[in-house]
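Just the one chain here, laid out as structure tokens, in the form predicted alone.
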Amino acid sequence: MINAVGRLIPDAIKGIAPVRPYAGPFAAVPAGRTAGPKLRANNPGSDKLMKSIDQAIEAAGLRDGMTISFHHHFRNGDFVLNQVVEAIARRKITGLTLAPSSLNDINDAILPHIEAGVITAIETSGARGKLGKLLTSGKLAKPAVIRSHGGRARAIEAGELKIDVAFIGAPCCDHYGNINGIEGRSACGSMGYAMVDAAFADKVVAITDNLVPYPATPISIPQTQVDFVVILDSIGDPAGIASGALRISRNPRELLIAEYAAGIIEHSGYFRNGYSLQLGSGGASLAAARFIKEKMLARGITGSFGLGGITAPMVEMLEQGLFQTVFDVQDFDVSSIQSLKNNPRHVEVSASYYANPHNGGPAVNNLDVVILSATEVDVDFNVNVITDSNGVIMGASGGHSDTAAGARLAIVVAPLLRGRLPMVIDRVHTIVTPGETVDVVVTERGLAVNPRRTDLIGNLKGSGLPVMSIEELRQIAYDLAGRPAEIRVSDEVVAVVEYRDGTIIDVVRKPL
């Protein structure tokens, strides 16, 4: 089958049913009802506290072939996933599907257990390093499933991703299972990705290194969704969970890209009182925040809300009154965690509230502007953030396609070259975000506006910005570095990339 972005999707894919090709960003119409967890009861006087992860695994009834989930708010400081998988391996449980909200380099420790068959399938937002290579190798029992953050929330709520046991790292927890992420030495901030797991998993195990007297408040995940509580010495390394401050780029190339992006916003027609904004955590996006803030102050503009994964620049704009509210699904630095703890206008939200396309309306639908990064972009404005120049999985879908679909202005920033490789090319290797939802591509050599956006092209005339066609950007890249060789792949599908609505926008085939 040829889908709506021109990708060949096999009629049948091992372990993937049904195979539904992508038909457009808003073509899929949901039907049916929201799924739910099994009913359970906890009688007065019963004890949720378990002596160990092993005991909790037994109490949860985990057995061969089930699906387990984790959240990735601890990032590269995560101790929970590795310890749980180790405990599962000791119990000789096999054939599990691992369904975390994302995977990080620290999770390379579970590779031996994947090789041994403890985990035979993976459904996640992305993977890097050794885990990314493993997903691309074809060694799993079925292709990996890559979903956006909104798409994962949708799949869980629709019952397409059924979680048997969710293991939730809890920076602060009481004996009855009330959880928040803003207290304790392993504080990670928002618990937005874990909220959906807790609400829909059949069994939920909270794992904490900070047991506090009942009730733990504020409550991000309530006791009504938690079955068991385990206390460990440590659930995470604070140095890997949140940095003191993410890097604000000093790279001249990234600063120029950031300045162009801010200029586009200024002249776009959306830069007015009440506008909303999401920034990425990359160097150029963070640098753009500085230019945007200067322009807001100069013109006396106050925004309505900031959204997404939150960083210090967005917190600063909230504190200075430049935005009225921040909606927070994940925190990337200490400043953001402290702001969520102390500022009532800094609001924690679930991944479903953030970006699930099949509910009453996610926050991304009210987003005016988003700045997104890219691994590569093609002349049809399609974006790849999953595979590297060798065809190996090395990134994450994240909220990329969610925010591009929802925002009125989706700006993709990327250097024209990385090393000696062009980043604007004829055809991206893997499509994650369809070009129909991307409005502007910004590089240090110039920027291209999607021809669909005639209004934006008109607004940018006379702005002084170096506007050119996407084909001109590609040609500059090819003149500098040459046309890249096409990645040779086999027919074997090792991963499917779902669009946020559950249809298949692309597949990853095993590189030769």
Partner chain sequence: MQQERLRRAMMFMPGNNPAMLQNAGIYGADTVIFDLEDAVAISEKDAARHLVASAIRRLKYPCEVAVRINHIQTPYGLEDLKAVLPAQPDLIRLPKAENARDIRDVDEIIAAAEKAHGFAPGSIKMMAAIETAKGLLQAYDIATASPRMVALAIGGEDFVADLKTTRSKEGTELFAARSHLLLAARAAGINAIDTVFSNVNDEETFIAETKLIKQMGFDGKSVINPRQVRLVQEIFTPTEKEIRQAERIIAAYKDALEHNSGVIALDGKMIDTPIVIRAERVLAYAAAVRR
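Since the structure is predicted, the reported quantities are computational estimates derived from the model, not experimental observations. Numbering follows the first chain given and starts at 1.
The same protein has a further form, the form predicted together with its partner chain, not shown here; the description that follows concerns it.
- Scanning 27, 31, 480, 485 against its partner chain in the predicted bound form with a 4.5 Å heavy atom cut-off leaves one residue, 480.
- With the partner removed from view, the residue among 86, 259, 319, 436 that has a non-hydrogen atom within 4.5 Å of its partner chain in the predicted bound form turns out to be 259.
- At a distance threshold of 4.5 angstroms between non-hydrogen atoms, residue 291 is in contact with its partner chain in the predicted bound form.
- Its partner chain in the predicted bound form comes within 4.5 Å of no heavy atom belonging to residue 474.
- By the criterion of a heavy atom within 4.5 Å, residue 119 is excluded from the residues contacting its partner chain in the predicted bound form.
- Its partner chain is not shown here, but in the predicted bound form it comes within 4.5 Å of a heavy atom of residue 252.
- Look at 150 to 158, 406 to 414, 305 to 313, 438 to 446: in the predicted bound form, residues with non-hydrogen atoms within 4.5 angstroms of its partner chain sit in 438 to 446.
- Contacts between stretch 90 to 110 and its partner chain, counted in the predicted bound form as any heavy atom lying within 4.5 Å, involve no residue at all.
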